[in-house]
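First, one chain by itself in structure tokens, the form predicted on its own.
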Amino acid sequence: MAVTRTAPAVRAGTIHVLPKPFGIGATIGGVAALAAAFVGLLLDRNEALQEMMILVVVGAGAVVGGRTLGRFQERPKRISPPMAMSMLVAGWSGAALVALIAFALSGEFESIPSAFFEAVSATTTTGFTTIVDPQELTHAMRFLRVMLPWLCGLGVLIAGMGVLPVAIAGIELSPSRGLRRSEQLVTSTRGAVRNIFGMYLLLTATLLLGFLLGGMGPFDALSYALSTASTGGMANHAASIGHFDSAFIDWVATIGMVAAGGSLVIVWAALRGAWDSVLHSTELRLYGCLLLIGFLGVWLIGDNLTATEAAFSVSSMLSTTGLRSGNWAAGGSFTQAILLIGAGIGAMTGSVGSGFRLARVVRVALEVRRSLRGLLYPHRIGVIRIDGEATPEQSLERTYGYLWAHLITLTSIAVLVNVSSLDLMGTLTFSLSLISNVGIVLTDENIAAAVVLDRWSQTVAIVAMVLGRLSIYPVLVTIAGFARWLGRFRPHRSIGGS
């Protein structure tokens, strides 16, 4: 008699929780498209009527479709860290898909791959572009390029405050410990969204006012306020902020980038009067020290940069914004090294910036110190404390694992990317900018955000930008989850016997 082993029942697993976040992401992209269409109606008028109609159709369809998707998903009883990370990737994918459709149908990009590259760059808040002179684009398309990073940066920030710290490196990356409930930024989902959105909007409004006072027109002021607050770096001009040649505007942008690269948790604690937690924040002290040391190093030792340009460059790179003012690439190798190290380190945890993150740098540095002390005092048990509290070893192991994943990814990108116009320094800068979402490349002692890439390099760059924005782990977990889900449908062997 033959005995047949039947295939196991297919469980929903992670897949069943992805439609709603994908729909939310699509809704975000749709809102950006509708906002761009409204701006085009005001400023472009009849010059780009067809493009505005496309944006309206794409935006309205994305909003309706996104909200409809959310209704087909039941609320899960429990969301595991892998599930949460996959939901983050799904949300970003929804926004990126809408951006791709809008860019591709606009007809302002030379090909669909170029539109895809632009869509990924915008939704990952990277700032690279295939457009040499953004002034050639309509107002609607220019606004869409800055609105997408602003909305996606907000979405990643809200999701990351409750997902990535726990899933990747421990809850202490979100330093709410030691605070009373009334002083905490995240107490509930609704409260987190309200508080984070309010602070994000306040920063944007302050930057808008500052740029208007600096002499920018209303459209440029709003565009650069959105781009600065989101650390997106998308610009309306080929020379970025440097186009305005204004020290006042440079300082407004510098302060805005420093604020955007700082932790919202720390800012919230300060607003609530919890100064003890603010002053004892190890990450905040490191952030301030790096800004000061970087500024002094670039200004005093580097060449051809004024104090304003030095402060602007350091804040732009450390916050991973990527806006440009003075040409720091001509300041010598020392200046380039300082700024590229700052871009690799990245912003504070709990900010909209990218990079390796200062909290992880603190952990790695403390582990090095513990190892050195272990050589001097072999019988002494060392405990790593951050902000006065012991850090769990499991959380430290995750940080070290992420460090290796980050380094391997950066090395792989540098090896795989193939841009004939770039030398070794340019290739390294380009790779670092992709994984840190900075959006700056060095070419012949000049810095630029516009790049010309072949299909292979575009593909590598797209993957690198996504890995950098979503912190590597969520993307890998999502890919593994889909592979596991598809594996359940493979035919199973029959076991025969008499």
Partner chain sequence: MRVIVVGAGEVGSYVAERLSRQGVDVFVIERDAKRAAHLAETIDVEVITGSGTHPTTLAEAGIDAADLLVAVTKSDEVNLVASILAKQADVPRTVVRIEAPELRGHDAAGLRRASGADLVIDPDEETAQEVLSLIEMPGAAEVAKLGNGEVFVIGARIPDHAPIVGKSLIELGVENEPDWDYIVSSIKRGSETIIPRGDYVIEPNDLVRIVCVRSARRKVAKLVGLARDVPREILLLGGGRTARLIAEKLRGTGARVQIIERDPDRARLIAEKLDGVRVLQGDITDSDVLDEADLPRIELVAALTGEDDANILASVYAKSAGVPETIAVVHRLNFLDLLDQVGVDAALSPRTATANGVLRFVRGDVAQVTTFLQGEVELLEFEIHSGSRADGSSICDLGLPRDVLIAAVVRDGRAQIARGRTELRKGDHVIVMAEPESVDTVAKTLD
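What you are looking at is a predicted structure, and each value in this text was computed from that prediction instead of being measured. Residue numbers count along the first chain shown, from 1.
Just so it is clear, the following notes concern the form predicted together with its partner chain, a form of the same protein that is not shown.
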(message) Does any part of Y377 reach within 4.5 Å of its partner chain in the predicted bound form? Heavy atoms only, please.
(response) yes
(message) Please tell me whether any heavy atom belonging to L424 falls inside 4.5 Å of a heavy atom of its partner chain, as the geometry stands in the predicted bound form.
(response) no
(message) Can you tell me if G388 lies within 4.5 angstroms of its partner chain in the predicted bound form, counting non-hydrogen atoms only?
(response) yes
(message) How about R285 - does it come within 4.5 Å of its partner chain in the predicted bound form, if we only consider non-hydrogen atoms?
(response) no
(message) Tell me which stretch of 262-270, 203-211, 369-377, 337-345 has a heavy atom within 4.5 angstroms of its partner chain in the predicted bound form.
(response) 369-377
(message) Which residue, G382, P218, G198, G107, is the contact with its partner chain in the predicted bound form, using a 4.5 Å heavy atom cutoff?
(response) G382
(request) May I ask you to choose, among D276, E393, D303, D133, the residue with a heavy atom within 4.5 Å of its partner chain in the predicted bound form? (result) E393
